[in-house]
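Before any questions on binding or motion, here is one chain by itself as structure tokens, the form predicted on its own.
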């Protein structure tokens, strides 16, 4: 460079997770009381991983010590996490706002700087380089108002005179192609090893053959060889192209004191998606001038090499360009419900950050799901929906919790079975609220009118009211899950969903087999001439009838292998998530697993099948596609049109006279044609040439 300039370091930035404040409150209430003694804590940071965003030093709940031992941070004992490089710190939590403001901040900062200075001179900083970046936090926690006043300091030894910058450029411009490849590989190996992943300061040694190795800074002597290129590397949380991160300040002091090096070549290590990014990383050269003024004062000419010569320190964090404390109010988020919401949202946000950038959390949280059936399947589906971030769940069931239910139906306990049993819909809602208080759950106790179950005239008004109520429920929700234990109870919901073009998902169980399927769009939902996907009834050749009469005990109960319902329920919810994230939504074609023609197989959530059939006896699963039938008794245009024209009168007729549906859709004529069809068998066994394999 033509002229040298002073090195300008980008200061550390702080971020405090809500869980830290919650843990601090618990620690103070349950253990510390009015004791305001300093508390060792641990912060975490990682190399910059985005070209436009710097990483912060972050405090988490486990940055604080456990309530049983406030003298040591539990987090400090865990290592090897590449995204949580530990930094030791000290917390002064005061009892009043006045004592917080009255703290001697200059003295506190100097005391922490002296720890760094001592660690440099004793060699501890060489053995454990994390101590070079220690921090200080002062705070006051107003537990009545859930308000926290706080201020961070990141002590840095002042170079006097300042270090000057000889050169600074992108690492990709500094290294040759061979060197860059080797340096990247060596850094990735260092970061991927559990032994070194969270070690923030290191040496990069490049031999004359362009072969790079990364070593601990304590191995500096072994790197001294003619022809070797040596760089002092550090995890740089800063993203700026012209400024090295704050951690380099104390690193330069260590290099000058321990090895008396005046010209330092350094590597600001940064990454992208967990791998070394030399286009983002920087390589620079800084000149360190021996602080002659201080050397003269000590009279021994050693300058910084004199342990008693403590440099000045800076490091109080700035807020909007000013050195002032910060204040945060968590009155709304510190109660358990708010914390539960924050934790649940964090899980989903981490999924989006890590693996599913296109995950639409708003679509999930705003989804209104109607679950018809609150038994084994309904309980599991409700819990899976909550895990995906769905907040509005309505369960419909008219049954009561029986003694046999709690073992397999995960929302119920023995208490729900007492005194004749609580209604399942009501008990399920209470259980969901206990699991996650932020859920907006509603229980509806009602029976679903079913074809094949004739209605006495005196009960007709009640059944019609149930039909209207179910119509309104379907109309006010975005997705409907059919989870009842009889075939005929799924008919009316299927019809109502086809009429309003709602997302509809069926889950049905056998003893050791299951079916999970999404219904196709309604018959009048689109002008697209492509064949619609079928519904649950499209493959039937008869109308749904009464399947509950004259049944033995084993037929009256849903007898399945215990693992079947959780599997089917999880797949049903995953199917809904797949629909919401598919470009065509409910109109998406049915895709087959392992099919090269699957159009959305490149989507983050994979293929979107029409039907999933599985067998536990074979531990197998397959995807199928079934097209809609013009003779379907539930979703065909004939049936939907009849419902639109005649309304409840049509429903009552279908309920009382199930053969009516067969007559309406042409199934009656189809069966007559099939029964009258005669086959002439050729009994000539000698001629195999006419045999066709199908």
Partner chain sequence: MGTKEEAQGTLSSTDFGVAASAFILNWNTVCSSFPPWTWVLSHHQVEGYLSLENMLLSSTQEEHGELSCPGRGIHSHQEDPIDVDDATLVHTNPCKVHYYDLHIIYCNSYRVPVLYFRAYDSDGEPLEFDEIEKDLPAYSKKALSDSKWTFITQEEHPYLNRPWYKLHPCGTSEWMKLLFHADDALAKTGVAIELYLVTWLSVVGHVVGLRIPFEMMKQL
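Source: prediction; values computed, not measured. Residue numbers count along the first chain shown, from 1.
What comes next is about the form predicted together with its partner chain, which does not appear here.
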Which residue, 621, 323, 462, 228, is the contact with its partner chain in the model of the complex, using a 4.5 Å heavy atom cutoff?
323
Quick one: from 445, 262, 143, 327, grab the residue that has a heavy atom within 4.5 Å of its partner chain in the model of the complex.
327
I'd like to check something about residue 54: if you look in the model of the complex, is any of its heavy atoms closer than or equal to 4.5 Å to a heavy atom of its partner chain?
yes
With the cut-off set at 4.5 Å between non-hydrogen atoms, does residue 434 touch its partner chain in the model of the complex?
no
Taking 4.5 angstroms as the cut-off for heavy atoms, does residue 31 touch its partner chain in the model of the complex?
no
Contact of residue 149 with its partner chain in the model of the complex (heavy atom, 4.5 Å):
yes
Kindly confirm or deny that 105, 158 and 314 each have some heavy atom within 4.5 angstroms of its partner chain in the model of the complex.
yes
Want to guess which of 241-249, 607-615, 462-470, 393-401 is within 4.5 Å of its partner chain in the model of the complex, heavy atoms only?
241-249
Taking its partner chain in the model of the complex and a 4.5 Å non-hydrogen atom cutoff, the residues of 8-23 making contact are 8, 9, 10, 11, 13, 14, 15, 16, 17, 18, 19, 22
